[in-house]
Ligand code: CAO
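Shown next as structure tokens: one chain only, the form predicted on its own.
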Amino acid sequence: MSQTIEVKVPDIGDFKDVPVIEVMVKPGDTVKAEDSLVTLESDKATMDVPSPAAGIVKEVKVKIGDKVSEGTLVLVLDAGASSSEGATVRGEASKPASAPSPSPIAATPSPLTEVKVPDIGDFKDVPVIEIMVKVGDAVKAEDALVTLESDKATMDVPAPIAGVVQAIAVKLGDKVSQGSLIITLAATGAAVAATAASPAAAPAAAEAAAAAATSSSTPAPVATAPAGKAHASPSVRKFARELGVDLSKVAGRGPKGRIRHEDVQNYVKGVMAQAAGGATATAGASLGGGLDLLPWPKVDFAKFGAIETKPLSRIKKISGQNLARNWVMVPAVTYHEDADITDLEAFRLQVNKENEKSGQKLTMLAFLIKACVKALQKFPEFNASIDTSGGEMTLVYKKYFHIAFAADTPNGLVVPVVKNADQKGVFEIAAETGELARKGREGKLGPAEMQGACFTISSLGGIGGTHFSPIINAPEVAILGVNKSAMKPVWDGKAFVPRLILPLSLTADHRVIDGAMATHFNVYVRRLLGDMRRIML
């Protein structure tokens, strides 16, 4: 028996007005429990809103670009319904049926498929601002065919199936509405036969279809769209068109790489300066963040041998932008120290052996977190952040102690946060870090679990290494890097004795923390790890 469920944005911490960057379903799609419905992206994290139950999507309440908060209605789900009731399984192409299909893309009974404008809400007469294909091009399912732009949003119309473009029914500047015919596609297997009925497209389409049909294991060639998909608002796109600027060549300096008006202006100024011989690089070609650096080298790697191109994961794209900013903007210095953890490691192993039956285990990370909390309490500048919102640089001292730690996942590093670590014991911290790391590997960390950190620990102890220089996670002012411990000979005044040494690498923002303070912090952490009884002092 079916049941109507309203799917709303879950708890996403303190974030509000978070943009919807992807909608994975449409009305009529069949979904399973935990299937991703939409993707949200804040300035620090990306999260999917999962389906609470299996069923059929009745109505989608958001679109790409909408800003949502906790409790915002995302879609209405008919739980318990099955695809046999007429719904389309998510990810499948629309198929002809005796009853009208809920899909906005209508397929003709012949091998040709008419691609039409899907449901675009209340918008009508929306201009076509870009056509990515030409007659004869071979495309894959979900490849973008044309781009439409209203006064509030930009959207691509994707190919519903793999095939060859037989005819294009629109041109740049045409205004279309829901149901307007855009392109006619011939399915890959029927491309040659369909092309015979279209003499104007025959040469190019036949060549593409023949290439696609040569082997069933070889994917069809894909039409190449302009490089660098632009992330810009409709007003910026219009501004760029008026100036004749190709947005794919403009580097966006806004949030998440968004192209702003001033980015387009800077690009034009750079081109003009280059034409006059007065600049070494344009704003669009440089990756220097406006620092007048040389342009990033462009190399045809394929001419040297075989290559394979893979996109960066979403986590790496987001963290990469933040790390590049922090590396350039923060005057960071790294200070190294070695901690003798011989007695602490012996104690940890003894306690774990005594608790084998209970399953409770202590980790070195738990002791590191407790030691860092004690050090933050002694040196409050490390538990501060620079604030420039008032026009002048001020220092914000935090009275709470939230410690982040870097966790390795298949998609890249994530940095979950142990909240109020000063109020938790080492057993509790060890259990919590283990659970957060597991959720990170499974892609189930929520934004609230990765925000609010005062200080970060990046541990490579499970891998190896001796020392490294971690990059500060702004707006924090310091980060502690930890490498693999190793037995080393240490002089005790009479002889060399074997001791277990843990390398520590502290990177600090020199605007807030000078060399003497950083060294005092490192030495204090070293002493705590050498004798954890000092925690009680």
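A residue's number is simply how far along the shown sequence it sits, counting from 1. Bear in mind that the values here come from a model prediction, so they are computed numbers and not experimental data.
Not pictured, yet referred to below: the form predicted together with this ligand.
**Q** Kindly check, after superposition on the C-alphas around the site, whether this ligand taken in the model of the complex would be blocked here (3 or more of its atoms within 2.4 Å of a backbone or C-beta atom) or open?
**A** Placed partner leaves the pocket open.
**Q** Work out which of the listed stretches, 387 to 395, 452 to 460, 372 to 380, 160 to 168, brings a heavy atom within 4.5 angstroms of this ligand in the model of the complex.
**A** Result for this chain: 452 to 460.
**Q** Name the residue from A407, V135, V417, L445 that puts a heavy atom within 4.5 Å of this ligand in the model of the complex.
**A** In short, A407.
**Q** Could you check which residue among H510, K484, R499, K63 gets a heavy atom within 4.5 Å of this ligand in the model of the complex?
**A** In short, K484.
**Q** Can any non-hydrogen atom of L365 be found within 4.5 angstroms of this ligand in the model of the complex?
**A** Yes, L365 is a contact residue.
**Q** Is K361 close enough to touch this ligand in the model of the complex, meaning at least one heavy atom pair within 4.5 Å?
**A** Because a heavy atom of K361 falls inside 4.5 Å of this ligand in the model of the complex, the answer is yes.
**Q** Using the partner position in the model of the complex, report whether L413 sits within 4.5 Å of this ligand, counting heavy atoms only.
**A** Within the cut-off, so yes.
**Q** Tell me, yes or no, whether R348 is in contact with this ligand in the model of the complex, where a contact means a heavy atom of each within 4.5 Å.
**A** Answer yes; at least one heavy atom of R348 falls within 4.5 Å of this ligand in the model of the complex.
**Q** Pull the contact list for 310 to 343: residues with a heavy atom within 4.5 Å of this ligand in the model of the complex, in sequence order.
**A** Heavy-atom contacts to this ligand in the model of the complex: nothing from 310 to 343.
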